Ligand SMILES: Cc1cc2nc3c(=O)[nH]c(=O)nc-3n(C[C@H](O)[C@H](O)[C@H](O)COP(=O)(O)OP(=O)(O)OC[C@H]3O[C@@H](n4cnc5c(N)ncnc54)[C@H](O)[C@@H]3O)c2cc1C
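Shown below, as structure tokens, is a lone chain in the form predicted alone; questions about how it binds or moves come after it.
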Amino acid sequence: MSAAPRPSVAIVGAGIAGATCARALADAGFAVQVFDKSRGVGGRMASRRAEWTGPDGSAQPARFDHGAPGFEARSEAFVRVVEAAERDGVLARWAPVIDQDGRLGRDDVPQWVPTPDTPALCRALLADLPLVTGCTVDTLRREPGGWSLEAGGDRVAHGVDSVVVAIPLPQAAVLLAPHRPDWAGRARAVAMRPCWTLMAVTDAPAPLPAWDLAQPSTGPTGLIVRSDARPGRTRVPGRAHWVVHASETWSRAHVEDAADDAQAHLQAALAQHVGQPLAWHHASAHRWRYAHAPADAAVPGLCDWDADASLGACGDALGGAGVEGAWLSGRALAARLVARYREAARA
């Protein structure tokens, strides 16, 4: 007798929640396919490549981790995961020297940084799994033969047993509304916080700051990261690589600004905090419209799951915010799917 076919799952979103869910389901024997609208994986654990022209006219590459600068691990289960990833060379501990309005110190809670770039953790989770990038899934259809997924009017998957939506809640609401309007309504009500981010290369200030990470309490910036001072990053003599995250208040007030205007404000704020003019080689700004989820948006069970429809949703907002919240949510949803199919197999 032939073996029963593996249950199939389509996952929309290749950030940490989607990647965690995909890995757990694949390890449990599911046939998993992952879709993401970006060119790479990671979601808000993202990196961006750039290129600028050196004094001799040569092309100079740069890479900026313009998403989450680092994260904490507090729950016992997540601590085990990050420590295993550290042994595998995917994560590194980071104890940055922090400047808080001129007071230097270190945070007692270790920070974790994926290496060699921020998407590395998601890449490791998704290794060997079917993945389609550059694909914006905009429609879910529940048909007699299973779920189908569409992008720009083209069907990209069909006959799928279950669907997982693992993207920021305001975007997830569009996909969920025809099938679970209650989930979609709750998702639209979650106040995701925006963040403008500056990525820049300058001549190294003289002297270099004594800090790796600064948290100004005034002005447009909320966090300044010496990007090339993080573990596993390459330092270029005579150069400094920066990632500057605007404060929540400033980002909300300027969320619809042109990128050039946001960039100019953050460049001026960086120079002011460093305390000297900076020689700029590259600068660009990126707007994260849905950068941060409120911790109080978490739901019981840390995910949404409709067993009758075989439809689920996970993400940082549902799991309690941050990278750990996203991981907890993705893991929780995978456990719900595994339990459902094991019960069906025993019936």
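Please read all numbers here as calculations on a predicted model, not as lab measurements. Numbers follow the displayed sequence, beginning with 1.
What comes next is about the form predicted together with the ligand, which is not displayed.
The ligand in the predicted bound form is approached by G43, whose closest heavy atom lies within 4.5 angstroms of it. Heavy atoms of V156 never reach within 4.5 Å of the ligand in the predicted bound form, leaving it off the interface. Though the partner is left out of this view, L25 does not reach within 4.5 Å of the ligand in the predicted bound form, counting heavy atoms only. Taking non-hydrogen atoms only, W288 approaches the ligand to within 4.5 angstroms in the predicted bound form. The stretch among 272 to 280, 95 to 103, 135 to 143, 182 to 190 whose residues place heavy atoms within 4.5 Å of the ligand in the predicted bound form is 135 to 143. Taken together, the three residues P168, T197 and A326 all lie with some non-hydrogen atom within 4.5 angstroms of the ligand in the predicted bound form. Along 46 to 78, residues H66, G67, A68, P69, G70, F71 each place a heavy atom within 4.5 Å of the ligand in the predicted bound form.
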